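The form predicted alone is given below as one chain in structure tokens.
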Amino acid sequence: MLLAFEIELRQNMTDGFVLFGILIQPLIVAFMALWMLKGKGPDYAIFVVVGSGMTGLWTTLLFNGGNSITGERWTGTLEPLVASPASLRVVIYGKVLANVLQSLLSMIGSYLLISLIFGYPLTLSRPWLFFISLFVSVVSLVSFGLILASFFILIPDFARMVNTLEFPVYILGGFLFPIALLPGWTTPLSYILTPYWAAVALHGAAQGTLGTWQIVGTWGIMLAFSVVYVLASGRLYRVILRKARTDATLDIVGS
């Protein structure tokens, strides 16, 4: 896992697409959100920092985590990776962990943009709750990444499908505005998304809008989802290994 983490991190540092998704795109989102909320005052600045950082986290998890699998397939190394003695799930976990941790730079970049360029004072109402929430969010998102990565392995053309998932999760996750503004029928969809609970915990801790036990409750929900994702990924990766042995289609590239 550590070797997969290191290699993925090194490759990402030289990939322009990855760096754009981590550093540039969240800054664009932050700038646009600040421009739209310019009449609301500096109280909304920390909300924008957290929200734009969440967009960077989700984009990185969705595209970079999956593209690392696609890259293995294109270079012909996916089959040896599956056949290696190391558990495929552990290797994928290292890859996804590298992508998610690197995407935290987007939150730092948004903080610097808003604080230095716009001059808004940024303070965290409950710092220790915020950083624990961030840690739990990383764990839950990496666990969710195991599920996403399995679909990239099983479905060679899955990379085309994920293009439709980026902005809907921005909206349903409540990254930049409350889901209460959405139609009521969308609320259950938000509740089954780990990114939504991560955004709730981070926004609540940053702004002080949630009580301590409410934030702890979101941690419990995220950790429960993480357990479900890890257990489900075990089943999915057993399916992957069985198909690899019987169908020999891991090296097929989507059209």
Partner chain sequence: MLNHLTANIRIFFEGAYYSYRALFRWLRPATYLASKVFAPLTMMIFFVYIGAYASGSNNASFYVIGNSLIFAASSGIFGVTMSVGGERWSGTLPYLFGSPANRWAMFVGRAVMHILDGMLGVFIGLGWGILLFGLDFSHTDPMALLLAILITTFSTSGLGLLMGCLSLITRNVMLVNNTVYFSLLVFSGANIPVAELPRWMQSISQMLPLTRGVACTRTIINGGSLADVLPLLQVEFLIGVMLTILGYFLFKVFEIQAKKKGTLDIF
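Quick caveat: nothing in here was measured; it's all calculated off a predicted structure. Residue numbers count along the first chain shown, from 1.
This protein has a second form, the form predicted in complex with its partner chain, left out of what is shown; the following refers to that one.
Listed residues 170, 151, 120, 111 were compared with its partner chain in the model of the complex; 170 is the one with a heavy atom within 4.5 Å. Stretch-level contact analysis of 94 to 102, 159 to 167, 72 to 80, 133 to 141 against its partner chain in the model of the complex, using heavy atoms and a 4.5 Å limit, identifies 159 to 167. Contact check for residue 229: no non-hydrogen atom falls within 4.5 Å of its partner chain in the model of the complex. At the 4.5 Å threshold, heavy atoms of residue 31 reach its partner chain in the model of the complex. Looking at residue 182, you'd find a heavy atom of it within 4.5 angstroms of its partner chain in the model of the complex.
Its partner chain in the model of the complex is approached by residue 178, whose closest heavy atom lies within 4.5 angstroms of it. Contacts to its partner chain in the model of the complex (heavy atom within 4.5 Å) from stretch 1 to 28: 16, 17, 20, 24, 25, 28.
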